[in-house]
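Next comes just one chain, in structure tokens: the form predicted on its own.
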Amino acid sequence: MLVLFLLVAPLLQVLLVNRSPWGGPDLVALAVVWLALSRGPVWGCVAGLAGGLAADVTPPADGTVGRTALVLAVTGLLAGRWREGKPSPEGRTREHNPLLVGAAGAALATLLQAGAAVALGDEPWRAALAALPWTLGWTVALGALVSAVLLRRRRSREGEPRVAMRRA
């Protein structure tokens, strides 16, 4: 489901979110962070690369191709690694709070994209800073909210007894 969302996120971003007068979340960044939270850092990195390239070439593409792919690949990798946590001396790994990781990953993606756009000369500072607060607010809020839903869904799956298929 999240992979499908990653595939359609650039189109939804251009067709719906970018036309909204109130701004909106960065759907591609959210899809990358949610995939990193649910599947791990490698999935997050690959999702960031694929989703970022799709976002880079989706019309009206007016920036440096590969900028969003690089930013989202780094974001997916870091969000997945941060979610995994560090192993304790007993050998058990303690996972970080997915709600916090989802919000922080969404904020990281938004800020890195604005910084990369300015650094590569695709946007002037004023244009990047003008839209940043609304996009950051929407993306972080939705990132935290859906990360909490993903956590609840994952915990309910872990608590369910597994049904084994029997041969007749």
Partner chain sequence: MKRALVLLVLLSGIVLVVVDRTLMPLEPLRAAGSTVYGTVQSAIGTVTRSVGGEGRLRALEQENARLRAEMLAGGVKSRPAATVPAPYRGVSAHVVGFGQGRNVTIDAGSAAGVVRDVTVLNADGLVGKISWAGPATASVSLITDPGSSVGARMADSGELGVVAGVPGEGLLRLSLFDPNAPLEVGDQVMTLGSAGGRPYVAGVPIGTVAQIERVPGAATRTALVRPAARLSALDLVAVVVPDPGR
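Note that the structure is predicted; figures quoted are calculated from it, not measured. Numbering follows the first chain given and starts at 1.
Another form, the form predicted together with its partner chain, is not on view; read the next lines as being about it.
When contacts are judged by a 4.5 Å heavy atom cut-off, R153 does not count as touching its partner chain in the model of the complex.
Its partner chain in the model of the complex comes within 4.5 Å of a heavy atom belonging to R19.
Shown alone here, T64 lies within 4.5 Å of its partner chain in the model of the complex, counting heavy atoms only.
Within this chain, L100 is remote from the site of its partner chain in the model of the complex, having no heavy atom within 4.5 Å. For the candidate spot formed by Q13, V42 and L49, every residue has a non-hydrogen atom within 4.5 angstroms of its partner chain in the model of the complex. Using a 4.5 Å cut-off on any heavy atom, the residues of 113-127 that reach its partner chain in the model of the complex are, in sequence order, L120, D122, E123, P124, R126, A127.
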